[in-house]
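Below, in structure tokens: the form predicted alone, a single chain.
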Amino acid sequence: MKNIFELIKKDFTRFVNDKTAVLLTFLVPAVLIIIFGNIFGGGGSSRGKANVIFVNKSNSEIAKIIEEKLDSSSSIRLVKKYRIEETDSIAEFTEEKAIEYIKAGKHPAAVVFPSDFLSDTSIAMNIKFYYDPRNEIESAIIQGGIQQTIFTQLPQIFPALLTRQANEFLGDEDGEGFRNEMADIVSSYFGVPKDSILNFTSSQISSGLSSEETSDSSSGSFIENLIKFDSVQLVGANLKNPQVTRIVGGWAIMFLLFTLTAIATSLFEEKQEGTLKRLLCMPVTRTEILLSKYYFSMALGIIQLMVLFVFSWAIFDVDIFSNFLNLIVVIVISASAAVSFGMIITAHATSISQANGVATLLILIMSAVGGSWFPTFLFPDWLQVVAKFTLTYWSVEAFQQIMWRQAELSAIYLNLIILIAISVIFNSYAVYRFNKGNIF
């Protein structure tokens, strides 16, 4: 038994000394649990909020109360003002400006309370909802949050709206008879004085309301007649396969990182095989060796991305040709940034196992945080900031803009600048270390 114990001790010692194994065993799962926990288990208080433009043209008291409730929502953040770049001043959103911002991809949705939202003669609440379902989950959360908030106000206005609906379809005389019969039924079954019921249903909608007077309500099909929720999809309505269009860029960049990092770290294999030593004896410089590896990796990365997008087009009918030239530009720049990531890993690793372990850790984290797996709006605010420090975030956003809304390069110039900067900085540093002999 003592011998077995010593052998187990030996295996634990080897495991602890293998930093790659320790990282993959403990650190990667822990980080992913944090990310998944914030998305699915953190609850509304820790989860990020979706920005929704809000325009209120109504003078109705109900509109003001609903606005207050939306302001305190755990899933929605109302955006009511925007900055005018020409004058560097702040202005209130208009309906037209909200539509412009959504089409440009600056915000995912807008809710508009028009001037006829709820007048003294209205038989229903009128609401306009403009949206860009680039992230399907985000759109569902936004619409659900808005509708839930509105439904909580129905008990306060239901009697008056129901009365107006009856008068509209039955006429004033029959509508009055309907109201009296309803009052008789409620009075006989619930013991409520008939006069109080009639007085309540004939009162103004806004009378006696306060922001505290809300309660939950379930909606049936007849309630839809009391709320005219006019939804207008501004972007992506003509896409043949919006679901795959949303995700193809994120998954493509993740697999690209794995492929190109493996190629970059293959320098360690060439060292073990003796190929690198023979190359250094030839009339080639260290920089030329590294650049050849870089250009080969980049060419393979471009081919890989093209194959993935063409495959998506052939199998799932994803539209890649409407904005093909701009898509090619994003593919080339994204491949360049992905290769530079592999180069920076190689520049700091001391062995192929260490390089592969660190690369796997970072790729999984960047993919999860950077938007390859989930929409980044689901994250807490602090994690959304972290996401912007990953190259996957800028690549995924660029692919979505190009494929979802057929954006021009001018609309994603910041994404391209950051990806190019990553390529230049990482590659320059890798070349510096390679020339100094710090890698091999």
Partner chain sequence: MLKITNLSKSFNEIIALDNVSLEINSGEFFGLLGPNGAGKTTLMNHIIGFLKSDSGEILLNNNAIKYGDKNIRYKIGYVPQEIALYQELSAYKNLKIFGSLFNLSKKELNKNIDKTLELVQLTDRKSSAVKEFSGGMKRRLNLAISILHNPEILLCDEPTVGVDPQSRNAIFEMLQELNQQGITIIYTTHYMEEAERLCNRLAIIDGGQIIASGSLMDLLNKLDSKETLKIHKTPESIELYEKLTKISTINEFDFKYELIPNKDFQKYSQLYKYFEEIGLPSDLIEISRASLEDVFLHLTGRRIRD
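Residue numbers count along the first chain shown, from 1. By rigid core we mean the largest C-alpha set that fits within 1.5 Å across both forms. Treat the numbers as computed from the prediction; the structure is a model and nothing was measured.
Just so it is clear, the following notes concern the form predicted together with its partner chain, a form of the same protein that is not shown.
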Check your understanding: Only one of 96-104, 286-294, 360-368, 324-332 gets a heavy atom within 4.5 Å of its partner chain in the predicted complex; which is it?
Key -> 286-294
Check your understanding: Closest heavy atom of residue 85 to its partner chain in the predicted complex, within 4.5 Å or not?
Key -> no
Check your understanding: Heavy atoms within 4.5 Å of its partner chain in the predicted complex: does residue 279 have any?
Key -> yes
Exercise for review: Give a yes or no for residue 17: in the predicted complex, does one of its heavy atoms lie within 4.5 Å of a heavy atom belonging to its partner chain?
Suggested key: yes
Review point. According to a 4.5 angstroms non-hydrogen atom cut-off, is residue 92 in contact with its partner chain in the predicted complex?
Key: no
Point to revise | Non-hydrogen atom within 4.5 angstroms of its partner chain in the predicted complex for each of 381, 384 and 388 | key: no
Exercise for review: Would you mind picking the one in 270, 116, 71, 319 that has a heavy atom within 4.5 Å of its partner chain in the predicted complex?
Suggested key: 270
Check your understanding: Can you tell me which residues in 1-18 come within 4.5 angstroms of its partner chain in the predicted complex, by heavy atoms?
Key -> 2, 3, 6, 7, 10, 13, 14, 17
Review point. Core-aligned, does residue 428 move its Cα 2 Å or more between this form and the one not shown?
Key: no
Point to revise | in the predicted complex, whether the C-alpha atoms of residue 11 and residue 352 sit closer or farther than here (change of 3 Å or more) | key: closer
Study note, to complete from the structure: in the predicted complex the CA atoms of residue 13 and residue 365, compared with here and shifted by at least 3 Å, lie farther
